[in-house]
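One chain comes next, on its own, written as structure tokens: the form predicted on its own.
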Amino acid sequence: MLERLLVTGAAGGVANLLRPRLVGVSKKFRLTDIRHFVSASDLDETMIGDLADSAFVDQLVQGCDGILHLGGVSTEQPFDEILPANIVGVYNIYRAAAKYDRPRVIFASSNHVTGAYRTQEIITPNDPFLPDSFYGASKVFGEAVAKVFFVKEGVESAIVRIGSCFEQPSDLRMMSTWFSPDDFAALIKSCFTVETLDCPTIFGVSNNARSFWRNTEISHLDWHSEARVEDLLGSMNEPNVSPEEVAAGLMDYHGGTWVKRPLGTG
């Protein structure tokens, strides 16, 4: 069990799904976001600030022996809006990790680093980047930063390319990309408890029959997806695809409709 886990982006949807599932991973939690939020637990320490502020990030990381880095802009936006958190912020997190005892990092990358692949293509983490947006490109940068701090400074990371982390899928694309919150929490626990993590790249996806992605760098982890989107179909209807979604190319690319949107537009 960790002594103190730092969770960035704590006001976001993924963090809110994961926080109650991480009991037992760490004795204490330090939660941060640029927006004000209220933690569900009185035992959590909360800090409000900007990841682009290096002095603030130093305060965040100091005293933590694990980092779950979910913070940043999570949708396509103009590059100037992505730059502070997704470029400067991720550098600040890793710089501080190298400075303060090299805690392991779970870096929340995104399926949008390879979002421009066609849905007929099944890929692994060894396939080239093919981002579909400025957002996807910023996550390519974050993955590179994680790798260079592993090589140069010994900061171990799990680069997790999150698919669609929700309680259940809400559109047809998510039948391929859905990532059960329980699966994500189990992966986090495994990454913090394995003796040697190194710096694997992992597609964050459950064991869905229609998945576009195959993991090749998890054999050393005690983790296997326990969920399949098909198992939910008994309690829900398969999402319908509207004519508008078909026209927008929802099921043409791994990244869904993002590929066909103008750069910088959400």
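Residue numbers here begin at 1 and follow the sequence given. As the structure is a computational prediction, the values presented were derived from the model and not from experiment.
Unshown form predicted together with a small molecule; subsequent notes refer to it.
Given that the small molecule is not shown alongside this chain, does V229 nevertheless sit within 4.5 Å of it in the model of the complex, heavy atom to heavy atom?
No - in the model of the complex, heavy atoms of V229 and the small molecule never come within 4.5 Å of each other.
F141: heavy atom within 4.5 Å of the small molecule in the model of the complex?
The answer is no: F141 has no heavy atom within 4.5 Å of the small molecule.
Does the small molecule come within 4.5 Å of any heavy atom of Y135 in the model of the complex?
Result yes; Y135 sits at the interface with the small molecule in the model of the complex.
Could you tell me if H224 has a non-hydrogen atom within 4.5 Å of the small molecule in the model of the complex?
Because no heavy atom of H224 falls inside 4.5 Å of the small molecule in the model of the complex, the answer is no.
Taking the small molecule in the model of the complex as the reference, which of F129, Y100, F166, F79 has a non-hydrogen atom within 4.5 Å?
Looking at the other structure, the residue within range turns out to be F166.
Considering L197, I202, C64, L70, which brings a non-hydrogen atom within 4.5 Å of the small molecule in the model of the complex?
Of L197, I202, C64, L70, the residue with a heavy atom within 4.5 Å of the small molecule in the model of the complex is L70.
Would you point out which of 144-152, 120-128, 158-166, 189-197 contains residues with a non-hydrogen atom within 4.5 Å of the small molecule in the model of the complex?
Going by heavy atoms within 4.5 Å, the stretch is 158-166.
Suppose contact means a heavy atom within 4.5 Å; in the model of the complex, does that hold for all of A11, I34 and N111 with the small molecule?
Yes, each of A11, I34 and N111 comes within 4.5 Å of the small molecule in the model of the complex.
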